[in-house]
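To begin, one chain is listed below as structure tokens, in the form predicted alone.
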Amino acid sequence: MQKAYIKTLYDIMSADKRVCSLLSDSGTDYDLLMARDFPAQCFNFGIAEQNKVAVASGMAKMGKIPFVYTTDVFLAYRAYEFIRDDVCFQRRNVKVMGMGMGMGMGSWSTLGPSHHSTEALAALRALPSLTLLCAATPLELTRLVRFVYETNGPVYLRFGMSAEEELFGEDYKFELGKPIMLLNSGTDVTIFVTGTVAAPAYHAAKKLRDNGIAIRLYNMPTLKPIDDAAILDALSSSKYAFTVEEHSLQGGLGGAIAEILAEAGEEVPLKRLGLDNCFAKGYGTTADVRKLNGLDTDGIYNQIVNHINGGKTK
């Protein structure tokens, strides 16, 4: 996914000299290429994420379009106050790019919860004036980066770094706030997923379909704002609703869907799959940690089947 991000940003920077890349010692070959070709548009702040966000706010005030790029945990948590006060409160045209969302840190996932951003959505969703996006696949990321560039105002975009599987074709179209259909075999069960856990959710949904369960699976690249009417329409005729996310059950996608259902007075039973008031268990690759926490294909499948067969929503 990093390759998809850098390539898209490279093309944007080559066409618009206002666009700048702000880094924190990410040290990839792509970063070196961009710094060589656009020396006046690339800035490395080292491990100083708070300062980087503050500088980005000033750059935006001067008419630049800064893309602030580094590990999601170091932006969503370490620089949160600066995103809040210097970007959102000032409504600055700053683009915050958090790589390694959820437990999707690739080989760095072995470092455990200190490098997992599994509470970020709860904090970021609360910020006024912030558009919040999560990319599920490389192609979706390219579309979202373009959207971010064309949008005026604060945007936070999260994406993975674990060789994510592509689930979309070139006809993919992003619409802010709208769910995107990934699978449709009926209306009894509706699943919403966000971020890079979309691939195991997709394979779990196919397994459910193949075992006779009429199911719809929607990807949710937008976490804020969400189109309430589109969500309610997607849930029409459903007997069960599920959300899947590499995130705390408190404040993430499941919380957003629950809010929509509650305010609309809808009575579709909702079951949220994610981390229930805990940090992720275990260490290893992204795939290892997903399996240990029931968010791999089999884990998602088994949780949904068990709930349909009589489990109780927490």
Partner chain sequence: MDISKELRKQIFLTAYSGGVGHLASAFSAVEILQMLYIDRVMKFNAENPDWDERDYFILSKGHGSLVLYATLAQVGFFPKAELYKFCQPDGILGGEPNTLEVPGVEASTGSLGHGLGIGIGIALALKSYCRSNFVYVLVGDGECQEGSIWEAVMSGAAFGLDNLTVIIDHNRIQKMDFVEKTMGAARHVRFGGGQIALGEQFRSFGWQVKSCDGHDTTALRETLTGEWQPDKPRCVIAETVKGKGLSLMENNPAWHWRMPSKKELKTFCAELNITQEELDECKRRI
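Residue numbers count along the first chain shown, from 1. What you see is a predicted model; the values in this text were computed from it and never measured.
Here the subject shifts to the form predicted in complex with the partner chain, a form of this protein not shown in this document.
Here the chain stands by itself, but in the predicted complex one stretch of 134-142, 154-162, 218-226, 88-96, 88-96, has heavy atoms within 4.5 Å of the partner chain. Taken together, the three residues 44, 48 and 55 all come within 4.5 Å of the partner chain in the predicted complex, as judged by their closest heavy atom. Residue 82 belongs to the set of residues with a heavy atom inside 4.5 Å of the partner chain in the predicted complex.
Shown alone here, residue 32 lies farther than 4.5 Å from the partner chain in the predicted complex, counting heavy atoms only. The partner chain is not shown here, and in the predicted complex it never comes within 4.5 Å of any heavy atom of residue 278. Residue 270 falls outside the set of residues with a heavy atom inside 4.5 Å of the partner chain in the predicted complex.
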